[in-house]
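In the block that follows, a single chain appears as structure tokens, in the form predicted on its own.
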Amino acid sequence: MGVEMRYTARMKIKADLVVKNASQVFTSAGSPESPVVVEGGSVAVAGGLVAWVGKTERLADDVEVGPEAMVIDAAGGVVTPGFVDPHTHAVFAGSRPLEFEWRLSGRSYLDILADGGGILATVNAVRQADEDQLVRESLPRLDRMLEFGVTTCEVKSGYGLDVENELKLLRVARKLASLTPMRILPTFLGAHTFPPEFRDDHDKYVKLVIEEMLPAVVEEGLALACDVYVEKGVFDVDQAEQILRAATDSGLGIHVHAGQFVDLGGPEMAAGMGASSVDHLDVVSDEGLAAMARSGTVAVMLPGAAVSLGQKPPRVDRFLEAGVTLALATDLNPGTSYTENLPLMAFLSVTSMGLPCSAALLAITRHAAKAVGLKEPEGTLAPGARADLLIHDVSDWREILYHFGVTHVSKVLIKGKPVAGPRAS
């Protein structure tokens, strides 16, 4: 570490925004073993993109800062890319605190789901809510995510489970994208579980998802990707593959929930189909990890869900040894991981899962961007990346993990514009 990442040219780079005097700039470039961290660094932005990163002492030589440019003094804080949360269910109605107590008393999540609770309880609340109510309930969650430094957020549907209500959830996600500066990436998750009306005819519901829900979603341009929950008692691998094949034929990216409780072979299927990510993976075979490593499919780990369900988060040693890229997400949802705190997930990953500190920050920036299908250099502070930056009120990047449970973010910039923090304007 302590490596300088400086980009020079024959002519000075013209910047419209400069963040200077950082104690460190953690760029999320490099590898987890050797991350690129610029000590005493600054960042220059032009046209909403990162244009230059280097030592503050080189700023005047390399960058032209005109009179109209905005200059922000990081005052010895740490600058990082904006955080990316690659797996959330942020749009929903109601809450399920009673189920939390049930699980603490020993009832399993799958038992609660089989009795009509779990996802189905939220489905009932969503079906009764209109779009305005869903916006009112969901927007504060996005506001809290922004306070924790999340500048890009994937949002899944999956609490409607019929054509009308799945479309309603995705329209709400689109509305929220106009109400927050965050980048919202919508994912269609009609295959979250089977609704009560199809409890005894699963194949008929799969047909509904493929022949009615997906075409309606695509026609309105409401989603960028499709997800399926592959798990015991929910969708099997064959059903998931049918849905995901239809999604890819429609031009959508694909993700898969798999291995939360039982390994049914979902990772191998997802990797073979070119999925951007497989999420959960509390239980996964060596064959599944090898398939993901070969395909470049990202493993999105959800430690908040494991902890909330009373499970021990999986160790990541096998993932790292297999060469699988790791990302982290909140899994924000009302049942199993009710949190907007993405840095807390990074803390859990280093304390309970064995992830190195530098890898944990990559897991909520660069690798998380890859998990949601964004292309390099997204999720980094390399030139050409979207200028989503955070200034943290700490002097060493490790403090973001070390001092856990709170936000250290003093300023959020999205596309080179201040949007949150005490000095945002």
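Predicted model, so just to flag it, every value in this text is computed and none were measured. In this text, residue numbers run from 1 along the sequence as written.
This next part talks about the form predicted in complex with a small molecule, which is not shown.
Put simply, residue 186 is far from the small molecule in the predicted complex: not one heavy atom of it is within 4.5 Å.
Contact annotation for residue 280: at least one heavy atom lies within 4.5 Å of the small molecule in the predicted complex. Proximity of residue 255 to the small molecule in the predicted complex: non-hydrogen atoms within 4.5 Å are absent; the residue sits far from the partner. Using a 4.5 angstroms limit between non-hydrogen atoms, residue 260 touches the small molecule in the predicted complex. The listed set 175, 168, 144, 96 contains one residue whose heavy atoms approach the small molecule in the predicted complex to within 4.5 Å, identified as 96.
This chain appears without its partner; in the predicted complex, the one residue of 148, 205, 229, 319 with a heavy atom within 4.5 Å of the small molecule is 229. Looking at 218-226, 81-89, 270-278, 310-318, the stretch with residues near the small molecule in the predicted complex, meaning non-hydrogen atoms within 4.5 angstroms, turns out to be 81-89.
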